[in-house]
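Next up: a single chain in structure tokens, the form predicted on its own.
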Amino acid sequence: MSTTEPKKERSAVDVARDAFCRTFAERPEWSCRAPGRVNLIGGHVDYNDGVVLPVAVALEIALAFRARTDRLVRIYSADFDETTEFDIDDLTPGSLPGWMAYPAGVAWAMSGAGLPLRGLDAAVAGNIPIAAGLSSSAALEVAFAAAFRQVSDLDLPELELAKLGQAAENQFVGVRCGIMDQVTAACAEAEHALLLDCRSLHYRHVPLPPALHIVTLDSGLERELRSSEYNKRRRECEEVVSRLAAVDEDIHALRDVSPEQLGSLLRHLPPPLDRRARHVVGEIERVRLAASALEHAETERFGELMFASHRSLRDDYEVSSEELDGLVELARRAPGIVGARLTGAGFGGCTVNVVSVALVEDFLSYVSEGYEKLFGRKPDACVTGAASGVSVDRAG
């Protein structure tokens, strides 16, 4: 099993700085980093106006960059060993492939919002596993939004960076994500989870017990949001709301359906729409209960809610996989476990596990050996505390 210990590795910022010097034959002016995230609980409720409880992890996307005097953007990716170049005034959705679409989408969204952008030269590096459900895309978007803010001398709060990142992914890249990932990358606080209301965008920081660590386990099964059923689930939720709004005009999103109302409304929903609604309404309530459990140091209750979330994602929302289910079931029996569930969109990627600090190694050994017996490979693991959101510094 490969275990990632982010703080002991050469930092992504250092890799980006070195790549910048090699690529552009000069030193960068600034560096920027934005974290990945795991969602402790609240799967697939962000685009239903729900509440979520993500945490930023100590894995990140980093940029080293300099301002330009024109509107040209040149970017080198150390991870892909590729370079892209574009003019901010000559961008259209779908015009750039792969990773290149994300920074281009951010520039497109910011320019479309009437912000006077300057171009930049940048090198980008990261240690967030791609397509593992840890939101490398949102980290990339927020990092570039912060870089464009810096070189263009813009007065934009972090929450606005998150909104622009979401606009880039929705309208330029073509993934209809909610805003949770971008807000976490922009606004997280170290040693805290982020309780985010995805309708109002109000949030508060919820302290995490210091005796617990967050462990992500990568199933090794990649998933690609644009070719998965992610957008299908969004359409199903929209159809649920359309049907229920015909019954109750106060329902504008599944957020507006209480657990008490749901029972009488399910008869208006054919399968699988009834299951989709049951997951979302129940999950929003689980998030509220989970935040309260953390604030009252009820860690056992918090773990029960995480496991309940996974069951609902597996059975009602149908976004799990055999590998993810295997990891969660192994975690349930492992030493030190508090709770576990799939994280991200599902269909592959990672699970998030909350584990007692004193038993992390025992936990990893048990799950790794069991997973190898079941699937013939060991899961990559990342052990982390809760990290802070995006930051920009003068390059040293």
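The model shown is predicted, which means the values in this text are computed figures rather than measured ones. Quick note: we count residues from 1 along the sequence shown, nothing fancier.
Form predicted in complex with a small molecule: not shown, discussed below.
- Though the partner is left out of this view, Gly43 does reach within 4.5 Å of the small molecule in the model of the complex, counting heavy atoms only.
- Contact annotation for Tyr230: at least one heavy atom lies within 4.5 Å of the small molecule in the model of the complex.
- Interface residue remark: Tyr371 is not counted as part of the site for the small molecule in the model of the complex, having no heavy atom within 4.5 Å.
- When contacts are judged by a 4.5 Å heavy atom cut-off, Pro129 does not count as touching the small molecule in the model of the complex.
- Partner proximity in the model of the complex, defined as non-hydrogen atoms within 4.5 angstroms of the small molecule, places exactly one of 117 to 125, 251 to 259, 76 to 84, 180 to 188 at the interface: 180 to 188.
- Taking a 4.5 Å heavy atom cutoff to the small molecule in the model of the complex, the contact residue among Pro35, Pro54, Gly339, Gly344 is Gly344.
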